[in-house]
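Okay, so we've got the same protein chain twice, two forms, each given alone as structure tokens, structure 1 and structure 2.
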Structure 1
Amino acid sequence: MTQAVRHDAMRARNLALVLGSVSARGSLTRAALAEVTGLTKTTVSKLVADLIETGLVVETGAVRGGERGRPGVEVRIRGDRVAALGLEINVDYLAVRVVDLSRSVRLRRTQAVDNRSAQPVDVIARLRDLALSAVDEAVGNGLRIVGGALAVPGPVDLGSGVVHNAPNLGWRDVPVLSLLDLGIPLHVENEANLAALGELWFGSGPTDFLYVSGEIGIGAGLVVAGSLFRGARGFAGELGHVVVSPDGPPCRCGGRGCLEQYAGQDALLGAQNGAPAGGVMTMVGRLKAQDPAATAACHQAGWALGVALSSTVNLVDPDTIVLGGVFVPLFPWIGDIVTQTLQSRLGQMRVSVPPIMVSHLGFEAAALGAAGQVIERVIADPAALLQPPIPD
């Protein structure tokens, strides 16, 4: 059930509405804001005054001229005050990003490490160092880090912040949040979900799409009308375990013939001839050299992805499909097969089959999404930032 609305809540919502409009449109005059929000000029002026006082917004010297009449003074989000921390632990790297309120990336720190061979505690300690040094630098630049989020490759219990099972890292029941403790409000979430949000806020993309994350495992994040779909307990989007062939190779999830067995990084890169095989770029090299084994692996992966996506489209009806992770460099060799498979399996019934695109954010999507999520929260409720709830 919704909450009671009192004067303060009314004000908070309108404040958020104004801030959100400024954020969405870059910069606007008070008059334009009044038109966009439906509030009166008087009210907008008051709200903007509040936002300026808080330091969330500034008047740009620039004024909108050209037309007749008194020129308006534009306001825009102030990027030099409030910022958020985006963190990611993945199998072979750690990433830290600082994003300010205007959604500019202020700081990037990435470290290549093999996190599979290290203990969770050590990985987290390393991330902690990286994050703290980034926070220090940001604070030195006058930024106030109001919160952060951490992406991990695997399902996470959102409430407790415990990673129950991240098979690709070899983690089980790791209480990341309490181990990390940066003295900043933090939360953890699935890498695919946060990458999807990264795509939403930092990509050129649409507001309705399924983001497919091709890492060691395959995950997906579904964004509908600009917000993330998490399912009942927050474990939605496990695309890697959608059934491609019910009697296919056994999977560590207990099933058989899951997508991951055909299009997961191990299957895709290792499938060439049993040898451990290099990274994705080695694979790309072979593909360019028209290596038949590599081409066949891609073909199979593309077909399997198409099959799994056809189930997904039927269940979840995304508008667009955005491929990320390893699927980006491999797209020239799998794109067509995926599209064709999807088309042939859905074409008869659906009016339109969702187009398949490629993410342009690279591996930083998740860390950006993590930081963006915090920024988004501030914009959606700036009042909360000013008056933090009294701790009991």
Structure 2
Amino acid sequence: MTQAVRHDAMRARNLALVLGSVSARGSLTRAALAEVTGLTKTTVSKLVADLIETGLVVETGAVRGGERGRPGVEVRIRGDRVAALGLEINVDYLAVRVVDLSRSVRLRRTQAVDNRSAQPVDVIARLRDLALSAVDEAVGNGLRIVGGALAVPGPVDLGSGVVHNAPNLGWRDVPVLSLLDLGIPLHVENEANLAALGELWFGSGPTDFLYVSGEIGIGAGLVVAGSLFRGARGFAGELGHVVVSPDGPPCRCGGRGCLEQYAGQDALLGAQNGAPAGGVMTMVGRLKAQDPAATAACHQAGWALGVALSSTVNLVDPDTIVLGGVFVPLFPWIGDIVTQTLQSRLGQMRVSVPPIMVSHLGFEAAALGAAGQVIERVIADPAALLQPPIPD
């Protein structure tokens, strides 16, 4: 390794150290940055100048930190220059979110569409149009989109971006990454994993939890000490295909009695006379009116979710369980049943069961997590973005 290469590598590490410190602490003076990073004030000043030039940080007002001499100038993350694109393909909608480096959502686009009846190439083409429209608007507002991530409801090969099997979409071995050309760096990951990261970065949950995504399908993302657990091949978290009744109804995955057949959105909202119930809020209205069929559907879903989660708790021992998606508005009618089922199945083995809370991110958790993953990569490697300053 040449001296120049070693110098560049050290500079890249120091840039990440400074930007990470500012991101974690909100705002810091150069003197405070030198103290928390262990770098010299001269080195910090040079690195901050580079980060300012790239549009990643900005100087704010002067503050006096209790020391003699001139007051210091605080440095904070700049939110009006660099942004990330979060995308989601789900069974019944497409979603796009633009999130800036300060983690503020700058733009939201959602398109309701039944993707089960369409070919993968057509679904991806629709998403591309929606995404490019959002990018154009963001760029017009002065933002630089530096990368994107796509959430899909199925196991993904993280290296190739191929969706191996998304049974609720009817997809198998779809090369999503090669089909979606947006002109920016892009990666693809499982929807429930990104929803868990969305909860970690944009929600109000703990740093150790199991996130359960309730959509047409049901997935889970496990966060341990602030990091996502993917499993050996990245396929961890397929909670929806945990069997709760071996002789139960057939599932699209090829099995029988899977959790999705009892607690998935179709099972919940289509429980009345075998026909769609008109959406989640229609279901809530029926529950408020004490509709017997709606109440029975929630009881069944809560029981099945409790059964599946009891096995999961025995296996991975999460600190907290966070319910997202359709389970949020229905929580008043399923929450107690889930907890009671957990207690009845785990009470002999445990002093207590993990507390259950609901996500406040709604159905946008995965798209926010996708954008957040790009932001985290920028903070971890700002040197990759160094370029001439963006003109004001």
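Take the two forms, find the largest set of C-alpha atoms that superpose within 1.5 Å, and that set is the rigid core. None of the values given here were measured: they were computed from a predicted structure. Reference numbering: structure 1, starting with residue 1.
- Between structures 1 and 2, only structure 1 derives from the form predicted in complex with a further copy of the same chain.
- After superposing the rigid core, the Cα of L47 is displaced by 2 Å or more between structures 1 and 2.
- When two forms of a protein are overlaid on their rigid core, residues whose CA moves 2 Å or more are considered shifted, and A220 is not one of them between structures 1 and 2.
- Core-aligned CA deviation for V358 between structures 1 and 2: less than 2 Å.
- On core superposition, R25 has its C-alpha offset by 2.9 angstrom between structures 1 and 2.
- A C-alpha shift of 4.5 Å is found for V36 between structures 1 and 2, based on superposition of the rigid core.
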